[in-house]
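Given as structure tokens, the chain that follows is alone and in the form predicted on its own.
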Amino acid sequence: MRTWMILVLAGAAMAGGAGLPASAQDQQALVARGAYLVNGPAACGNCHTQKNPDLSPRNDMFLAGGERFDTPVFTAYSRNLTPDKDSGIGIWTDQQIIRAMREGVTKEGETLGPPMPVPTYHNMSDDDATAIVAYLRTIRPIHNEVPESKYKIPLRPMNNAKGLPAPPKSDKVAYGGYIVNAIAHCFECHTTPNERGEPDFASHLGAGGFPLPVWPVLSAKPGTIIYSLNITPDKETGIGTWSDDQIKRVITEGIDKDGKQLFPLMPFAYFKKMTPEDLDAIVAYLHTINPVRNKTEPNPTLQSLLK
């Protein structure tokens, strides 16, 4: 691990791991960092843990995959992230797991497609990628054979990830940008699609309007689509007139400026576990992105789609 991360992690370990050898303290802190990322800003369980009818996660299927995503161009199933040796990642090396996350290539050489946010994870630091793997090694292995995903669009792997260090937390805007662009994959959903149906990061970053599938357990209408919101600081169609507290509330509770409950496809239950420091950094960064005027499609109410 790089020097600055070692210092941060070792300090956290010493606070809660007195009496452990230095190497054990480092490993304990590494796993803790991975647990925070997976269950907080990366929100891995939002896709990789199957849901009960009330949308609560199935504890017996924690990160075992199999959640279905239906869109006009693909039917995808999330992968099993548990250390099960037959159906999960139990026989994958650390580098194979990291390559799948950051470059979209599996152990078998297959290319991963959406909704796996590989373009975001491509920017993840080596330290955070290593922490996530360390944590995934500790969870309970669950045998769950996942169906094969089917795509009508070409899938392209990413180039080799650079694994550059995260900015220091003292640089609030830069660190907020790192969380958004390397961990929380906000723009994967909240960027307007281009003519190929891919997020238009070049000119409509964060401007919303991307079509997203509703969880099958939620909707009585298979293939129901909702549209992401504009999260740029545009004052008419985005969040330019929202207070910092209102932005934090929509991130952590899924309640917008007008009190409307958002669809739980937004992983606010996971984002609620983020530290106040990280939330402050995200809000600081969102204030700096280019405002884009883009009025998004109105979504049906949550109640109208309940089975």
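Because the structure is predicted, anything quoted here is derived from the model rather than measured. For every residue, the number given is its place in the sequence shown, counted from 1.
Although it is not shown, the form predicted together with heme C is what the next lines describe.
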| property | result |
| --- | --- |
| Complete contact of Arg33, Thr93 and Ala166 with heme C in the model of the complex (any heavy atom, 4.5 Å) | no |
| Contact flag, Tyr77 vs heme C in the model of the complex, heavy atom cut 4.5 Å | yes |
| is_contact(Pro119, heme C) in the model of the complex, heavy atom dist at most 4.5 Å | no |
| 4.5 angstroms heavy atom contact with heme C in the model of the complex for Asn299 | yes |
| Phe62: touches heme C in the model of the complex, heavy atom cutoff 4.5 angstroms | no |
| Partner-proximal stretch of 166-174, 196-204, 137-145, 97-105 relative to heme C in the model of the complex, 4.5 angstroms, heavy atom | 97-105 |
| Interface residues of 268-289 toward heme C, as seen in the model of the complex [heavy atoms, 4.5 Å] | Phe271, Ile282, Leu286 |
